[in-house]
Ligand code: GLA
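As a starting point, one isolated chain is supplied in structure tokens, in the form predicted alone.
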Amino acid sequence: MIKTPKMTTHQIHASELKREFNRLFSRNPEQLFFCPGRINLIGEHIDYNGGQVLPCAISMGTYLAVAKNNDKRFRFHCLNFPETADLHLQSSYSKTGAEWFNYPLGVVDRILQDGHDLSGLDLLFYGNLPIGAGLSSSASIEVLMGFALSSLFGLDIDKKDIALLAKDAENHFIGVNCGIMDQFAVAMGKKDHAILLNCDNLGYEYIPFKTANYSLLIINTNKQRSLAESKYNERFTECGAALKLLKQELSIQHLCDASLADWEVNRYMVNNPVLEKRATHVISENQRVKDAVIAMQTGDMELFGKLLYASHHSLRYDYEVSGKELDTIVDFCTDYPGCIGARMTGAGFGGCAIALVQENKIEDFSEKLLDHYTQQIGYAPGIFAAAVSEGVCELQITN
């Protein structure tokens, strides 16, 4: 029911990967790598409004075992998917179909376009992130591939640039118009720290995240986010319309440039109830990020938890990107004595929620949430305890 990553998780998966690699390719891998997934602690839907986000890398992610070959071929295998690819080494590639290997292949293509020389590779991937749950499985595999290529071929690409090229591959090879947060968080993650990130200029700061006697739980609704992309575009347009109206009185470039005081004085300019709700979320969420940083820096987990609840309330009623599944989880958390904060994380309309739960209550919380959610929704959620982890890295190969 509850899956708790341990310090030995990397060793377990590395050993399994090495064994499977040997079975597939009749030799051992030369190197092993890991790239985490990510959650956004707070700061939802404000990155495209000039605000700062507060993501962190988590202890679940994607693993890669790899070795060079003399056949000038890229052979892609994954323990999670039956599809494989066996491709000649060439000067460029194009996306074909919707198979998983297009994500690492897009990074290969991007590296080649930058003029780097590559040789053939045998590759075996494995991931323990739930697909489609909003934990950045695609960014994880992209950054993992970029980091592995840099290491294998001595390209000396720093992690920030790997994040940028991975985003570029997702935008132009895969065709998804994502921002930089996901790739940046999984590349630059730091153990026990969140990243206060400005997605416009990539200014960032590590903020210590010590949860004291609480554990960070990720609760997967197990509902695919079918509305997320269309509603994202709709909210983007609504925020732009609200900004245009406010700029008649305020000297601002983004909604997040307005303070809560500015908003209260000038909200009459937005003479539209829907646009007013959207702007209320964006401007108040931006303030919540600032307050959350102070709470984290002072170790005030009670205040941090209250900010999580306030964020979800705003996303539910002002930004309207939650849904029955996410609200069922957060409502349960609100009523559970051992939980001090919870919210949806990610684009919304499914995906995951996060919760801060007393460590000695995790099993009880999980059992009761499982029963409650299943009764209300008709199927079970996934519940994971996740540590805040380092970003992409190489793993040691042990015998």
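For clarity, every value in this text was computed on a predicted model and none was experimentally measured. One-based numbering along the sequence shown.
Unshown form predicted together with alpha-D-galactopyranose; subsequent notes refer to it.
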- Query: Out of the stretches listed (60-68, 367-375, 25-33, 45-53), which one is close to alpha-D-galactopyranose in the predicted complex, meaning heavy atoms within 4.5 Å?
  - Reply: 45-53
- Heavy atom within 4.5 Å of alpha-D-galactopyranose in the predicted complex - residue from 202, 212, 178, 131: 178
- Considering 126, 232, 100, 173, which brings a non-hydrogen atom within 4.5 Å of alpha-D-galactopyranose in the predicted complex? 232
- Message: Can you tell me if residue 340 lies within 4.5 angstroms of alpha-D-galactopyranose in the predicted complex, counting non-hydrogen atoms only?
- Response: no
- Task: Give a yes or no for residue 346: in the predicted complex, does one of its heavy atoms lie within 4.5 Å of a heavy atom belonging to alpha-D-galactopyranose?
- Result: yes
- Can any non-hydrogen atom of residue 122 be found within 4.5 angstroms of alpha-D-galactopyranose in the predicted complex? no
